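First, one chain by itself: the form predicted alone, in structure tokens.
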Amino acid sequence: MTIPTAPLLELSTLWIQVTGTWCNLTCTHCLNSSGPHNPWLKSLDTDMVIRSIKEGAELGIKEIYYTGGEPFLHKDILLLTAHALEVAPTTILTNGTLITDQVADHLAELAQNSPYSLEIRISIDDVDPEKNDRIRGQGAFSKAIRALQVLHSRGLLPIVTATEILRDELPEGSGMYEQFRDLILSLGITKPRMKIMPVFSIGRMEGEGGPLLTPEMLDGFDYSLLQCSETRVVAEGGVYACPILAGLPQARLSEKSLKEAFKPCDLYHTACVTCYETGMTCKN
């Protein structure tokens, strides 16, 4: 079978898998099987991240995202956030459980002193604490809610990110958007910001086989709808095509520089079908 490819139309977005698959939670639907023990993809060292940001700036990137694993486990995440905010709007994807008052103070100071925006995306999968913690681990809900509150109290407006993992358990007539909107409003946050994402068949949700893209499916397709058409990801081992596939050998485009990763990427994984069907869901 011929594997289709996607061109890099422009490099607008730099993702940095700063903690690899090292996380303090073990979510049942994690797309890269992150967890606290023996992460299969290691964290990046601080100098490597700074070099990547510098190269990205020279190549004209317009956005930077930090992801993992859990980015706030990195000992220098605040320093690295400061470096990112010197060159582009920056987003941190987090479970929120490590955002203390002190961390929130520092993030607010960084946001206030930067010419670019700082976005914090906090993952919550259900408005019901029991259902959420069944997916994300005991106590995850209350810690994430507290993170929303401490960030909001310092003038930041975090984005709540939910997957559709529990959509089938919604009461009849209820919508995810409305449920999360009402939850955020109940916290006193008057401008709710939310992002709902599909569940990818990868990581802990990976099944056996699954549909793949074909060249015929992509005939006439608008490649700008795919994340990999404008994104590259720095993670352990090199530069990868997209944050969903970071760390997987077939998604690696370069072992060294971003510039060397300016080439088409294989659309070889079943997760590529989800992007094909739903569009560029990873970005804000």
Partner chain sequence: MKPMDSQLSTLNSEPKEYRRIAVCGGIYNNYLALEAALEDIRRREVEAVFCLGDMGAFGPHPDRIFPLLDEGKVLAIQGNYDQSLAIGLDNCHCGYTDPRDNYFAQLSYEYTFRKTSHENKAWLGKLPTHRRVKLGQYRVLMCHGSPRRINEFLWESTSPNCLLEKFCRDFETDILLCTHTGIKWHRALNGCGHIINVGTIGRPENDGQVHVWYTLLTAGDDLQVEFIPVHYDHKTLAQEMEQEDLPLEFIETIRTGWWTTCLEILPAKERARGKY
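Positions refer to the first chain, counted from 1. Keep in mind that this is a model prediction, so the values were computed, not measured.
Unshown form predicted in complex with its partner chain; subsequent notes refer to it.
Just give me the single entry in L79, L157, L212, L98 that has a non-hydrogen atom within 4.5 angstroms of its partner chain in the model of the complex. Going through each option in turn, the one that passes is L157.
Going by heavy atom distances of 4.5 angstroms or less, which of A144, V127, A88, L107 would be at the interface with its partner chain in the model of the complex? Among A144, V127, A88, L107, a heavy atom within 4.5 Å of its partner chain in the model of the complex occurs only for A88.
Proximity to its partner chain in the model of the complex (heavy atom, within 4.5 Å), stretch among 98 to 106, 192 to 200, 132 to 140, 69 to 77: Result for this chain: 192 to 200.
How about K62: is it within 4.5 Å of its partner chain in the model of the complex, going by heavy atoms? Residue-level check for K62: yes, a contact with its partner chain.
Is H152 close enough to touch its partner chain in the model of the complex, meaning at least one heavy atom pair within 4.5 Å? No - in the model of the complex, heavy atoms of H152 and its partner chain never come within 4.5 Å of each other.
Indicate whether its partner chain has at least one heavy atom within 4.5 Å of a heavy atom of S174 in the model of the complex. The answer is no: S174 has no heavy atom within 4.5 Å of its partner chain.
Any of the heavy atoms of T278 lying within 4.5 Å of its partner chain in the model of the complex? Output for T278 is no: heavy atoms all beyond 4.5 Å of its partner chain.
Among A57, Q112 and R181, does every residue place a heavy atom within 4.5 Å of its partner chain in the model of the complex? Result yes, every residue of the spot touches its partner chain.
Along 1 to 34, which positions have a non-hydrogen atom within 4.5 Å of its partner chain in the model of the complex? Residues within 4.5 Å: E10, S12.
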